[in-house]
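For reference, the chain that follows is the form predicted alone, supplied as structure tokens.
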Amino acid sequence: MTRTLPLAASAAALLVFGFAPLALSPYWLSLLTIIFFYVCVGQAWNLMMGYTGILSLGNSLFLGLGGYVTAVLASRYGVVPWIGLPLGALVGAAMGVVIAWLGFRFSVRGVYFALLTIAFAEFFRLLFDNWDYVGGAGGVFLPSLGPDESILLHLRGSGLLFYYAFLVLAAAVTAISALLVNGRHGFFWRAIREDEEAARALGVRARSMKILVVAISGAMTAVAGGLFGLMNGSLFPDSMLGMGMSIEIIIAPIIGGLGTLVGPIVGAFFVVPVTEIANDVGQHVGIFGLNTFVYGVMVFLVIVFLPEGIWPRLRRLATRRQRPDETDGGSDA
């Protein structure tokens, strides 16, 4: 029963979102597309921070590398995204291995590892900002498709195409995360998060496990970055590799609930509409940057009132309602 219910809920959700374009306007579809994007990158970051306790504040690096690899290959050499996206994932994973190996080889942990990821992201942002091969500060623009070129082959087209693309990617990233965290690797990662020295004493190869999770997170984020670049049709160093994007990546899983599979989904469905409304209101009343202020308020409120995030609190309330005589101590894998 405990395994059947999540699968049935996931299948029902996919069915609903699969037919949603029949009833929703293009505006709501674009909003859902952005939500699915943040589910992808949030799940990837959650593997590192939520399950393994590795704090990264530079995941925009993986996003930018995946986006630029896919876009440069497509714009300069005509390589279709079905090849560019996997290559971007490989580059993201390789960069994750480099950062993780350097950091963990020299015992860089906690906030110092976070600073290391920021340093790498800023280095590549400045590099791409001054590198003419990738367009420099002017960015990369993807050429328009010819009348005889296939939309599906080149993954270019209307918002509906990217709605389904990000829906499939979000489902795939969530499914892969579920398989990983409920399997052998997930137990090792949680053991490292709780007490790395004890995990080592029990035979867990902590450094290898941490490098692996950073590489997987990098690959997932890079694929999302490639698809994000294809959807926008252009990429710029500041928007893809900047600190602003790194912060946006981590907000949804923090608010939704770290260390849970549902948390990044709940967080994305909460954060994106709220910030979208704040942005619209800010433009209407002439208060630019109101969405950034709302970000700060949401994080503050969650830290003060819901330190575990929204989903763990909802799950605990639902469990108590079903079993009022029992106290809940479980956690969502």
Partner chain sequence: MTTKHEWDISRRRLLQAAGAAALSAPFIGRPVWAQGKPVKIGVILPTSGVLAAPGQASLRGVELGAKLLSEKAGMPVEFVYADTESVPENGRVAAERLIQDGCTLLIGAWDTGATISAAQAAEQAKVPILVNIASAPQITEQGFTQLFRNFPPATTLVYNAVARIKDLFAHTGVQPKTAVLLHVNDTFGKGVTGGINALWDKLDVPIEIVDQISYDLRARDLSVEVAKAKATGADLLMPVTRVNDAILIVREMVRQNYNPMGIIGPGSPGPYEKAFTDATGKYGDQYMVSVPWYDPTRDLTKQTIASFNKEYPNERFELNVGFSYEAVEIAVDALSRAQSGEPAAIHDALKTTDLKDHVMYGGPIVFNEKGQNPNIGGVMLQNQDSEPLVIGPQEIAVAEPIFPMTPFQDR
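What we label the rigid core is the largest C-alpha set whose atoms superpose within 1.5 Å from one form to the other. Remember, it's a predicted structure, so these values are computed and weren't measured experimentally. Positions refer to the first chain, counted from 1.
Below, we turn to the form predicted in complex with its partner chain, even though it does not appear here.
Chemist: Has each of P21, S150 and Y164 got a heavy atom lying within 4.5 angstroms of its partner chain in the predicted bound form?
Modeler: Zero of three within 4.5 Å in the predicted bound form.
Chemist: So which of 194 to 202, 174 to 182, 134 to 142, 210 to 218 is the stretch with heavy atoms within 4.5 Å of its partner chain in the predicted bound form?
Modeler: Among the listed stretches, the partner-contacting one is 134 to 142.
Chemist: Is F113 near its partner chain? Define near as a heavy atom within 4.5 Å, in the predicted bound form.
Modeler: Judged by the heavy-atom cut-off of 4.5 Å, F113 is well away from its partner chain in the predicted bound form.
Chemist: Does any part of S107 reach within 4.5 Å of its partner chain in the predicted bound form? Heavy atoms only, please.
Modeler: Result no; S107 lies far from its partner chain in the predicted bound form.
Chemist: So, in the predicted bound form, is W189 in contact with its partner chain at a 4.5 angstroms heavy atom limit?
Modeler: Contact check for W189: no, nothing within 4.5 Å of its partner chain in the predicted bound form.
Chemist: Answer for F305 alone: is it within 4.5 Å of its partner chain in the predicted bound form, judged on heavy atom distances?
Modeler: It does not: once its partner chain is placed as it appears in the predicted bound form, F305 has no heavy atom within 4.5 Å of it.
Chemist: May I ask you to list the residues of 236 to 258 that have any heavy atom within 4.5 angstroms of its partner chain in the predicted bound form, in sequence order?
Modeler: Going through 236 to 258 in order - heavy atoms within 4.5 Å of its partner chain in the predicted bound form - the hits are F236, D238, S239.
Chemist: Y295: with the rigid core matched between this form and the one not shown, does its Cα shift 2 Å or more?
Modeler: Yes; that C-alpha moves by at least 2 Å between this form and the one not shown.
Chemist: Could you check whether the CA atom of G53 moves 2 Å or more between this form and the one not shown, using the rigid core for the fit?
Modeler: No, shifts by less than 2 Å.
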